[in-house]
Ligand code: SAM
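Shown here is one chain on its own, the form predicted alone, set out as structure tokens.
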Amino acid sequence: MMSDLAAASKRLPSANELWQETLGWHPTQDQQAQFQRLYEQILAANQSLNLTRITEPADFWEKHLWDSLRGIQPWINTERSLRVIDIGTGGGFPGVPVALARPDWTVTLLDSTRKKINFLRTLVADLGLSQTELLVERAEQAGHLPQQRGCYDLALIRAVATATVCAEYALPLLKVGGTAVLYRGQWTTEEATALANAAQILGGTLDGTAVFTTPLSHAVRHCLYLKKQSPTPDAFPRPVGIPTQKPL
């Protein structure tokens, strides 16, 4: 099996035609170089921080870069400069690829693990992402901070918790009119009903579901879009641990 350091010497696919075909966007040469640098930095840090099990170049491109940007496809070419938060960012996904694709956006990377945020602070400085902010905090607590609550156009949340818990983390952080993007694998009608009910309690609606297959491995994925229609009641998000123990 190839070591992380050996994999780091390999090149990510550029795949401009595939980017364009699937997202209507492709990276510039500078952005491609930044993606490569991101890949190498993640693999170098992976040995001590356990950031990802996805280390082969094509897998990394599809499951971290392409997947991250597929969630924001409706906005990727917008002329607006958006304020975005990535909840539970971990190794920086989807937030860092989003910040690389749209350096004019303000992107906040939120995680409760200080070691990961410290790594990301070094990473975003190395990548020149001057409009990327970092926050060490639990999502339940961040949702009550005056400088965070009701401040974002987009809230991105991937591989963090069940969909109803993700909704409780994300919707309080959004402006009215903003959208939460929930990245999911498989998805069922029963889960959709539970999510729609939870969103209503939190001031939102299930605005749409994108079903797609990944371009290389052809795996089925879903992105769920929750629209914030009214302010979230002050009681939400509930205290640390309660959303997962007692989902809406």
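All residue numbers refer to positions in the sequence shown, first residue = 1. Source: prediction; values computed, not measured.
The form predicted together with this ligand exists for this protein as well; it is not shown, and the discussion that follows is about that form.
Residues within 4.5 angstroms of this ligand in the predicted complex, judged by any non-hydrogen atom, belong to 90-98 and to none of the other stretches in 143-151, 170-178, 90-98, 75-83. Proximity of residue 163 to this ligand in the predicted complex falls outside the 4.5 Å heavy atom cutoff.
Contact check for residue 159: a non-hydrogen atom falls within 4.5 Å of this ligand in the predicted complex. Residue contact with this ligand in the predicted complex: residue 137 places a heavy atom within 4.5 Å of it. Residue 102 falls outside the set of residues with a heavy atom inside 4.5 Å of this ligand in the predicted complex. Counting a residue when any of its non-hydrogen atoms is within 4.5 Å of this ligand in the predicted complex, the hits in 99-125 run 111, 112, 113, 116.
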